[in-house]
Ligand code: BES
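Encoded as structure tokens, the following chain is the form predicted alone, with no partner shown.
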Amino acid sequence: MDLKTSESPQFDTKIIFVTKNEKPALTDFQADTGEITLRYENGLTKIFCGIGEKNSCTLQTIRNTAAKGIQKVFDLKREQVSVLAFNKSNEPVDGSNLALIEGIILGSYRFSKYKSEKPHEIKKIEIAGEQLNTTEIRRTEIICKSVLYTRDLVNSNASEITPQYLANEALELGNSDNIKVTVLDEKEMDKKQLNLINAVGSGSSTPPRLIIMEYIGDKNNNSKTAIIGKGITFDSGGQNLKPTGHIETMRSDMAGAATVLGVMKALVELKPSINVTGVIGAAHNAIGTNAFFPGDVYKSYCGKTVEICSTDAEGRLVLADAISYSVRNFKPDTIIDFATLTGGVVVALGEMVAGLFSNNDKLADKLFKTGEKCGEQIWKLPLYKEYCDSLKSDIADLRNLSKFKKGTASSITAAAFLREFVEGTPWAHIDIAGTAFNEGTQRGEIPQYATGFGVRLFLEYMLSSENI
């Protein structure tokens, strides 16, 4: 899909956004939010997209409606389309054109890797309008296409997306001159005492990896942010085997890792003047002759010992070592991790809002506001002392499950476990178990299956502060 800009529309298929007070004289079209109608006029195909009252229109309204508009173009099997941009006089809200582009690109996603008959493809999309900011449009395009890349990783077969596959994707990014990539294999992790990651991956024929990507956009600045992703390429539950009804979509348990790769891919292309260290703990949690055991105690990278109360609470183990390794070797000013960590967050917040946990109110507040702006919404949950105390073990320093009744506060206690490894660094944990994978039908720019949640949230958070 090629996206370009022009001052006036060139193609005979047009997407036109209208508010209720600007709507054309069509008796069957009220321009309600998300309402779509089609007209053929003088050899032109016009797709009118309603965005409701101008005063109540939001960026998310525009994203969602733009996605519906581009889906209509797919239905019509058109190969090229002009999208009429807003101008200053009719722009409902600041940033409308960028939201429009987000909806168009994200809403055009089709995963057809395994289909014999490929779906229709839109080859050219033209954003038509005067005085468009081409720099901002290009940045938005790069970020959105990085989201599509993230979706592809999550949607692909678990037999293909192994820990080494993720490592190879990172090494490919390392061909750029502004990023350094290091991959630790199971032998190197054993030497460095990254025992929790190795334990989780011990039962698999595809061994674990710790993947580090150091993006240096400002060599004169020592400050850096670490983004850390859970990369469980398939989660069988280990010896605490997952039952039918829960195991079928576990290829998506590496969505946090895919988010990190999507972010780093965008940074390599955008080249902003910031420093970001991307870290992925990647493992296949399998049943095998060498699989780790419930009830055993393992020593983490930072030295704390962990009693394994369930091998199906493995993501926090991988993240714990990845976080500790980041803290002690790269000394980031801030840590943000993304993980499909708990089913409990889906019970609490559903599939449209991710769980936010943090030891720093300023960081949490900024992330929350960023999510509201970019449409990847998050909600903060508490980390009171009682939750942390529930993780104390009788035979080790920590348990990987709390002493609470099974299922009680599971998302909170999982986050509390991670906090034990940040060593005071300002940190935010974002549980994307509900938002990373949509098992329902498409919702505007959110497709069925992998969503790519987190890529835009993190980049918006980083780049807005950079003002680039």
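Note that residue numbering follows the sequence shown and begins at 1. What you see is a predicted model, and the numbers here were worked out from it, not measured in a lab.
This protein has a second form, the form predicted in complex with the named molecule, left out of what is shown; the following refers to that one.
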Only one of 374, 261, 154, 313 has a non-hydrogen atom within 4.5 angstroms of the named molecule in the model of the complex; which is it?
313
Under a 4.5 angstroms heavy atom criterion, identify the one residue in 250, 128, 348, 183 near the named molecule in the model of the complex.
250
Residues in which of 384-392, 81-89, 314-322, 329-337 have heavy atoms within 4.5 Å of the named molecule in the model of the complex?
314-322
Please determine whether residue 344 contacts the named molecule in the model of the complex, using a 4.5 Å cut-off between heavy atoms.
yes
Does residue 242 reach the named molecule in the model of the complex, with heavy atoms at most 4.5 Å apart?
yes
Taking heavy atoms and a 4.5 Å cut-off, does residue 102 contact the named molecule in the model of the complex?
no
Would residue 428 show up as a contact with the named molecule in the model of the complex if we use heavy atoms at 4.5 Å?
no
Near the named molecule in the model of the complex, with a heavy atom at 4.5 Å or closer, the residues from 394-409 are 401
